[in-house]
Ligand SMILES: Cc1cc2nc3c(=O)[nH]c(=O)nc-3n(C[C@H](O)[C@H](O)[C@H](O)COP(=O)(O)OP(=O)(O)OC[C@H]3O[C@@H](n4cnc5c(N)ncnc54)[C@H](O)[C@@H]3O)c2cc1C
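Only one chain is given next, in structure tokens, and it is the form predicted alone.
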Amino acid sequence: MKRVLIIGSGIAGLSCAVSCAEKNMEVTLVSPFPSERAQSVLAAGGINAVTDRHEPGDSIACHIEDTLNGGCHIAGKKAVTGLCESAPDIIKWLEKLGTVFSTEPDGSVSKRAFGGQSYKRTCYCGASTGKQIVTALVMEARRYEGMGRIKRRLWMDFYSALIQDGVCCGAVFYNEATCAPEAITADSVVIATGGQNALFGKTTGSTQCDGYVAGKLFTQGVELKNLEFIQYHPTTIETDQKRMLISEAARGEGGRLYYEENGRRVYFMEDRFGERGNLMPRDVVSRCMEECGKDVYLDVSFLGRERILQRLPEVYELCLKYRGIDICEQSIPVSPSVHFFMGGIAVKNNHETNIKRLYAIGECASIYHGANRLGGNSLLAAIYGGKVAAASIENNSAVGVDTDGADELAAAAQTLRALKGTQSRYPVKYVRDMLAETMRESLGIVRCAEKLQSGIDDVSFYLSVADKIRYDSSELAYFGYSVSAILTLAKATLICAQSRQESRGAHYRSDHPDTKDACRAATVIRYDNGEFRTYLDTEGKYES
């Protein structure tokens, strides 16, 4: 029986775990917290699919074309085709598992309009689609736990991969219960650890997704891709802890963006792009909001209280709870915020990385979204990617590497011991806060060479003192050992943005405003003995 180690238990990790268990594989599902605390539960909007009862004129071919166009044609057509063609069956699979989708009077799954799409094809569960899907997948995973095919390990923090001769054979973790490193070996390893929100501080996502795993794997020889493409969601509100997402569902139901000038409302997106202006791709909306230079509001009050409470209950409750705004009567003050990372671990069409038997799925993997993700495609990609990886692992007949990870464990233990004696005027929290400030300033909606170089210089300095950063022993050791790899990922992201001297999708350079045919390929970056080396994947090494 094949042994599969899956790191991360959100929707992508759960999808892969259940799919592997269905194929009679033995799964160890590892995460620092339960699935119910994963970022996946925050996904409000929906999941895209052209189902049997689709809007007149829509088709799977149209879904493929919208996805390729939204990604500015640097996502592989073969990968995107597989994603979109599988979407209808994925909706049926989710319903079978118990996902409760909103439905029409005839019993068909309800759909709403989302940005960048030609038709209404986003299936949803009220305003809590992610939560519903997580619940269904957790219940299915527990069924396989009872059968012995899935084993859960909680309160385990990733430390490093076990890689020998270019083959991944497991991983080392920091066990929060024993405060010691622990190795878990497997025939294949799947990374499903989400994006890198903590690089930017306050975002719409969970700061538990900090990018450490991608950063550490990068230093271990794993190539990364398209890090410069960072999606800003145009409609968020600020709270003390984070940016709260005002779901695109609000604009899908008819919500209108405007600013005030000389006592009147200016519906700037409609003035510029026509009737569907409010549902332009997210990079376009965010950039237009930035360019207008005024406070922007989102109005849904004209929909009426009944419809708002029925179709947008979580948006209503969120605004009332955190800002005291009754959206049935008042407009919502909104502004863009970092929301999703199109870039991440470079994977081939089967989701395997450049390291054999090491896979990546979900937001931490870069494959389907190109330069900008369509709303509703992230949940689809997470589930589909998990299924694709499981199928690839099942068909992989290569012999695994035999190791117990003893050398790696000894090295990890030495690092953890050394952390406790670290003394410096730079505490971890201070450095991470400074990093977030640097990244927000350098990698905003509009970038330029001067800001990018300044960011690279700042992060390079933080890296130069990384081994002297003070670790507070009252905190988890994770905060001490993770900081260097997080900084390394931040520098790689800035270098990718610096290397792409054009504007495409979510990457806009004021000093290079044009889109260039010569740059119509993914940016790949690798770590070579401390050097960061980028190249354009013009030959389609990872996607086709």
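Each residue number is its position in the shown sequence, starting from 1. Remember, predicted model here, so these are calculated numbers, not experimental data.
The same protein has a further form, the form predicted in complex with the named molecule, not shown here; the description that follows concerns it.
Using a 4.5 Å cut-off to the named molecule in the predicted bound form, each of G46, A192 and T204 places a heavy atom inside that distance. The listed set G386, G376, P234, G344 contains one residue whose heavy atoms approach the named molecule in the predicted bound form to within 4.5 Å, identified as G376. Note on contacts: among Q453, Q208, Q414, T103, the single residue with a heavy atom within 4.5 Å of the named molecule in the predicted bound form is Q208. Of the candidate stretches 180-188, 335-343, 215-223, 305-313, only 335-343 has residues with heavy atoms within 4.5 Å of the named molecule in the predicted bound form.
In the predicted bound form, the named molecule sits beyond 4.5 Å of every heavy atom of L5. Heavy atoms of P32 reach within 4.5 Å of the named molecule in the predicted bound form, making it an interface residue. Proximity of Y508 to the named molecule in the predicted bound form falls outside the 4.5 Å heavy atom cutoff.
Using a 4.5 angstroms limit between non-hydrogen atoms, L494 is distant from the named molecule in the predicted bound form. Along 3-22, residues I7, G8, S9, G10, I11, A12, G13 each place a heavy atom within 4.5 Å of the named molecule in the predicted bound form.
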